[in-house]
Structures are given as structure tokens and as C-alpha cells.
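Only one chain is shown below, in C-alpha cells, and it's the form predicted on its own.
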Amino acid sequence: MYLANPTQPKAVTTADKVFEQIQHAIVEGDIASGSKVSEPELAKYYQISRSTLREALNRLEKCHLIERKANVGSRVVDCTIEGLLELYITREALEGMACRQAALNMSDKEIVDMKAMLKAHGQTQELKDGVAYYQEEGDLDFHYKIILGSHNKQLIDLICGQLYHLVRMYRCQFGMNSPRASRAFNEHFQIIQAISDRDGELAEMLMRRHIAASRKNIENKIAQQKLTEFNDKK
């Protein structure tokens, strides 16, 4: 299942449906990062007019999944290390604020449901083995639910409408295995407990630390890879 912006109506027009289908294909890697977008081929594949396709592509550009350049055309964004690190810095600020807002606005039932979801996450074999912590998108994704729990339409639009699927794309591109799997899961529990206690300041701090730790883990991986490549060349 793939999602549109939860603040927007569900897909009803042909452009809506094509937008979601192409979005899903890009996120899952069925349309490769960095690949050129051929409007004639896509229009033929989806059996739609070029004007309908352009409407879908305009929305994909707003989601930062494709980019357009003069005299070059449209391309799927490249998944670069620099882009990933910039995305994590942005997430740290925005999701930290979403956490603070969730502590103020999330209902008791939403908090109970979040805790139940985390317990279900804890039963996955990959997490028990401490090798990966994979969350299905949308209502089974801890971060997504926190953002919705903020009940702040501007934050929801910024993160879910413009950044969420870009984050998913990077996750698919770079893989889910992480030595932080168990620790990240425990950090999620600490965050939801702070929200349950209605401590917005603590919730924001914990979320920012959580995302910053993930970014640091990525930076360490990059440094190790570069060192390995350097040694291999000797």
C-alpha cells in the first residue's frame, strides 16, 4: 500500500491515480533513481494524455521525487549520500517539532494505539535478532503516526506531503539493516512515553536525538566504506 498526503482527499481523478502509481514505483525502485523520465513512454504505459501525465509529474516534483532541468527534461532524483544527510538534518528539526505538538494534541486512544503498534513491531524476527527494524509505510510506521498525531496541518503537509516518500525511497535504496535496530526500537518507546506524559520538551529532545543518532550511524558507515576502499587501493 502506498500513500498520498493524508491532508488531501483520496485519489479520485486519473491524474491522482497515476501520481500514486508512479510515486510507488519510484519509492520501491521499480523506476530507478537518476533515470530519465520519458513522457511519451509513461503516457503510453498508463494510457493517459500528456496533459494528465504532466499534472502527475508536477505533483511528483513537489514531493522531490523527480527534478526538471531546462534543455534536459525530467529525471528521478539521485539518491546521494549528501542528499540523505541533508534530509536527516531536516527531519530532525521538523519531526522534533511534530513530537512536541503530539505531546499536546495526541488523544489518549492514539497513544494507546501507538504503544500497541510498537509491541507488534517488537515481535518481528529481524528486530529480535537485532539486525533490522523495518516498518511498513503509513499507519504501521512509527514516525508517520507521530507526525499525524501532531494534528498540525502545516507539519503534516511539509513532512508527509513533501518529504515522507523521499525518506522511504532512501530507505529502500540504502537498505534497512542497521546495528542500531534494537536501540532505535527502544528509543521509540521512550518517545511515546514522553508523549504519554504530555512532556513536549522531552519528546522533542528525544526525537531529535533519535534522528541525529541515525544520521551519525550513516556517517560512520560512509567513513568505514571510504577507509575500506582506500585500503583496497593500496
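Since we're looking at a predicted model, the values are computed, not measured. One rule holds for the numbers: they count along the sequence shown, beginning at 1.
The form predicted in complex with the DNA is left out here; the points below concern that form.
> Pick from 63-71, 165-173, 193-201, 25-33: which stretch has non-hydrogen atoms within 4.5 Å of the DNA in the predicted complex?
Replying inline: Going through the listed ranges, the match is 63-71.
>> Since only the chain is shown here, I'm wondering whether residue 184 would be in contact with the DNA in the predicted complex (any heavy atom pair within 4.5 Å).
In response: The answer is no: residue 184 has no heavy atom within 4.5 Å of the DNA.
> Taking heavy atoms and a 4.5 Å cut-off, does residue 14 contact the DNA in the predicted complex?
Replying inline: Taking the distances in the predicted complex, the answer for residue 14 is yes, it comes within 4.5 Å of the DNA.
>> Can you tell me whether residue 37 touches the DNA? I mean in the predicted complex, with a 4.5 angstroms heavy atom cut-off.
In response: Yes, residue 37 sits close enough to the DNA in the predicted complex that at least one of its heavy atoms falls within 4.5 Å.
>> Whether residue 58 contacts the DNA in the predicted complex should be assessed with a 4.5 Å heavy atom distance threshold; does it?
In response: Result no; residue 58 lies far from the DNA in the predicted complex.
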